[in-house]
Structure formats: structure tokens, C-alpha cells
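One chain comes next, on its own, written as C-alpha cells: the form predicted on its own.
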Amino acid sequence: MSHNSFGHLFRFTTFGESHGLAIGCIVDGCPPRIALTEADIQGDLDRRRPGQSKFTTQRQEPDQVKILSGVFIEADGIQRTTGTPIGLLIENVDQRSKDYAAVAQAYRPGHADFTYDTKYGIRDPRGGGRSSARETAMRVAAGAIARKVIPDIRIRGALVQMGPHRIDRANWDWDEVNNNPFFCPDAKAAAFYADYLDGIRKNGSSIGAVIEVVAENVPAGWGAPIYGKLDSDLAAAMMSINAVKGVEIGAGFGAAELTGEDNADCMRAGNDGKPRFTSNNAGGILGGISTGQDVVVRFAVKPTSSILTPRETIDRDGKETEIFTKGRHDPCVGIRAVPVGEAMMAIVLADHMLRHRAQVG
């Protein structure tokens, strides 16, 4: 299986399966002499970790990360990156492979079972193997390192829609994101989601969500036109996350409903000598290059494919059958996608910072 790496100058490669001994990644291209410990990574992993509420999978994984290489403790006692590949490892400790015996020969509708089997002629049905969202833990770990490369940039994500129910943006409060299990910036919407998702969970079903990720303090000038656009790399990054089926930048699909007058982000002279924009429909990117405004990305996450409701399918021999999936699954996998989206934003921005630095010297 190829294509397990992402990025150019800042690049990471993940390995491992959902029910294997461990998952891990190699981060290549991290600059030297950046202070880095396991604690710097663990905080982000803890936000993504399963089993923290009844609204996520009850799989109990501590997700304790180990740094295997790429750091050195200097004479001042501070552990810093050496500029060599950083190896990271997380052991899997709470697999229940027997839950997947029934899906070993039949394909779950909406899941990657059929496509993996078709492409490789073999698949690991235990939790989806390599196609499992378990892989995203290593993206979060790599993203924590990327944040250290771009310390002046603030990256935050939030769940802004669950099923058809959108938040009220007038109630947006970033401080509220960590006060509820949904990473939701609207306290009133979060209270509604609790009852709404509990009903879906008890019915053995699932629901989708929309996640918004915002990066503040991104300098103007990052990105390259045509095939190295910042927004195209961000779209690829978010689209690579498990279960993501749509990505938009700024106004996104909503821009199709605007006139040229409404869509244009008008510019005025700022007091600091930099331009001041009166709106941000472009999501902080024009012509593939950052404008200095907030970079705003949203992505849509489909409902979890593993559900208790019987669904029509076929088995490996092409025979028609029905299937339902036992085990521990997220009723809304979009919830834990929030820190994953933040990580992918950080990885892309760290990569583009290094590319820009190489260009301008």
C-alpha cells in the first residue's frame, strides 16, 4: 500500500492498523532545536482520545505517545529536535477483534471494505484495519509538532453543524468549545445536540457533522499559484481525513449564491500600513496565496458506516445478504474530527511556512 505520506518540506508518514500492536508515524523535515517533549504532543492526543463521553466510541485507548527518535537533551536540560526524522509510537491496548467476525466475509455499506478488498485482494476487517479512523491519532501527533514549527499561529476548530442542525453564529464563543463534549462554540446548540445525538446513539444509528477550522495570524504571502496553492493543499489535507466528503474555503459553496459585489472582500488602508479587508469570503486565501486574514476551512463528515441497523449488502462471493455491525462505534465521528482538522491545518501551514522561507531566504 503506497501513499501513506503527506506534505513536502514538512512531511509525515503513518503506519499501523486499528487492531494491530501499535500505530505510529515518522515526521520528516522538522527544523532543529525546537523544544519538544511527549507532553507537548499528549495534550492534543487527549482531545481526540476515544471513550471520553457517551457520545463517542467506548474503546478505552490511553493513546500515550512515545518519541522514539529525532530529539536530544542538551546541556541545559531541554529536549530539542535534532532536524532528523522524529519517530512516534502509540500502542493499541483495547482491541476487541471478535466484534468484527460477522463482517469478515460481507461488506459494510458506506465503508471501505469493498474497495480495499477489490484493490488489494485482502483486507483486515478488525475495526477496518488501515481504513480505520484510529490512524488519525498519528495525524494529531504530527500536527502537535507542526504547531511548534509555527508558534505564532493560533489554530482552533469547532463543530458547527450536526445532521441538519446548524449552530447560531451569533452565539459563537470559542471558550465554550472546551465546555461540552461536541467541541461546539454555541452553548445552546450543544445542549440540543446532547439530546439529539443520545437518541441516535440509543437507536444504534449515526449522523454526520460539519467542522470549521480557523487559523489566525497567518502572514500574507504563503502558498504558490497554480499547483502549489495553499487552499488546494488544505482541501487535500481535509479530504484525506476518514469519512470526509466535502471541503470548502471561506464562503465556499455559499459563494455561488453571491453577486460579485457581495463576494468581493473590499480593501481599505489599515492604520498599521497593511490592508484592511471588510469581509473574508475568500477564507484568507486569494490566488492560492494567503492574504493575512484568518484562514477558514470547513469540512463535512459523513455518518459512521458501522451501525446496528441491518442493511442490504453482498459478501465476498457476490451473494446478497444483510449486515449490521456490533462493537463500539462513534454515533457522530465528526466530533473527534475537530482536533484532526486542526492538526491537518497545522501540518499544511508548517509545510508552507518552510516553503516560503526557502523561497525568500
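Each residue number is its position in the shown sequence, starting from 1. None of these values were measured; they are calculated from a predicted model.
As for the form predicted in complex with another copy of the chain, it is not shown, yet the points below apply to it.
Enquirer: Heavy atom to heavy atom, is K229 within 4.5 Å of another copy of the chain in the model of the complex?
Expert: Heavy-atom contact with another copy of the chain at 4.5 Å: present for K229.
Enquirer: Any of the heavy atoms of V218 lying within 4.5 Å of another copy of the chain in the model of the complex?
Expert: No - in the model of the complex, heavy atoms of V218 and another copy of the chain never come within 4.5 Å of each other.
Enquirer: I'd like to know if G157 sits close to another copy of the chain in the model of the complex, meaning any non-hydrogen atom pair within 4.5 angstroms.
Expert: Judged by the heavy-atom cut-off of 4.5 Å, G157 is well away from another copy of the chain in the model of the complex.
Enquirer: Does another copy of the chain come within 4.5 Å of any heavy atom of W172 in the model of the complex?
Expert: Residue-level check for W172: no, no contact with another copy of the chain.
Enquirer: Exactly one of A187, M239, A194, V93 has a non-hydrogen atom within 4.5 Å of another copy of the chain in the model of the complex; which residue is it?
Expert: That would be M239.
Enquirer: Counting only non-hydrogen atoms and a 4.5 Å cut-off, give the residues of 249-263 close to another copy of the chain in the model of the complex.
Expert: If the 4.5 Å heavy-atom criterion is applied to another copy of the chain in the model of the complex, 249-263 yields I249, G252, F253, A255, A256, E257, L258, T259, G260, E261, N263.
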